[in-house]
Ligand code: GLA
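Below sits a lone chain in structure tokens, taken as the form predicted on its own.
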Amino acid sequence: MKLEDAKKRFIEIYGGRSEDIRSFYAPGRVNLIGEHTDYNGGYVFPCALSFGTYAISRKREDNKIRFASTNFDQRIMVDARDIKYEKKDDWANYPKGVINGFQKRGFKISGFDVLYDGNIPNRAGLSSSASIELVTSVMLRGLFDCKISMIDMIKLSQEAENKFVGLNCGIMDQFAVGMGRKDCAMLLDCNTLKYKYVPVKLDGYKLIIANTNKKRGLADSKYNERRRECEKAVEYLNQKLDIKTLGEIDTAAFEKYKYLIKDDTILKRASHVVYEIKRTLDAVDCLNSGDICAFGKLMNESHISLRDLYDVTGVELDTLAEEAWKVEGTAGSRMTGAGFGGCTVSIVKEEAVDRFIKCVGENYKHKVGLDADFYIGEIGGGAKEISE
């Protein structure tokens, strides 16, 4: 839905004058490489996308907060003085968690009406949850004149997902959505939050996102289990070391001390994380030097590691990646996001894009029985208010 159409829909739902409406936006994101490293204090390399979530909103004179979405039939009303998690409220718990975070920091949030309109495929692993959290954050900052920085809103949004919703995600999704810059990815150290923008120059290539369309629920997936397994790996290593996360050791130190990890499954999880962090740093060097083929090779290695060591891919993601590797003109392809369904991201020569979509789509349908959706990825900017 276009922004003007969303505004009209807002008036249809809530009534009132269009002059009082304000509009906010936050993108989705795709991670080019560096998967399941964020909550391990490692490096990630995401970028914001050119599609995301709009929030059309207007303040009220009371304490009622009314949520609606063009993506879901459900409408929810709560009292601003009594914000709590309710399973029946489903998607609205994400913005409610953000409201709760603002209130806990002393900001006075009263009533408002909001309509969310998003074109991020639901449950595709492109951070629809972080997008709704950050668009809610910039909305609350704007409506209630809150003095809060983007970095603090990013941290608040992650906290909302961790503590209010109950998913122990790292900070990468919220950071990429909040701090995105057009035509750039960002190398983010998730331990220190130091980051740098890296121009993405895919001369002669396109970024293609393929959605498995496998239904999944990230919060009840094995995501939290993987996090606990990595924490267990740190416990093993701390028999000789003094580290808080796997991101604090390099491959040489890991090879020296990995014998301490007596559980084979835990060893595999840790191996993925340590070597994925190295792949991420190497991939940025490849991009900076213009070596797209070397970047793509690291993407392939990342997927294989996520499949064989981290066990988060599954037949749908594996099929999309493996079929992509077969298409001449594909530099690299890997799953992106938490896994267990969701999307792959591929770098493909421009002249091969149509052939890629046709071949990968047909073979995926034949092998898995689902229709994949394909998107040409454009790199956009971060969360903001949309001025008229």
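For every residue, the number given is its place in the sequence shown, counted from 1. This is a predicted model, so every value here is computed, not measured.
Absent from the display: the form predicted together with the ligand. The rest refers to it.
By the criterion of a heavy atom within 4.5 Å, Y257 is excluded from the residues contacting the ligand in the predicted bound form. Proximity of V234 to the ligand in the predicted bound form: non-hydrogen atoms within 4.5 Å are absent; the residue sits far from the partner.
In the predicted bound form, A176 stays away from the ligand, with no heavy atom inside 4.5 Å.
Remark: A338 counts among the residues lining the ligand in the predicted bound form, judged by a heavy atom distance of 4.5 Å or less. Judged by heavy atoms within 4.5 Å of the ligand in the predicted bound form, the contact stretch among the candidates 47-55, 34-42, 344-352, 318-326 is 34-42. Only one of Y195, F164, Y223, F107 lies close to the ligand in the predicted bound form, with a heavy atom inside 4.5 Å, and it is Y223. For the options V284, I171, M153, I261, the one in contact with the ligand in the predicted bound form, meaning a heavy atom within 4.5 Å, is I171.
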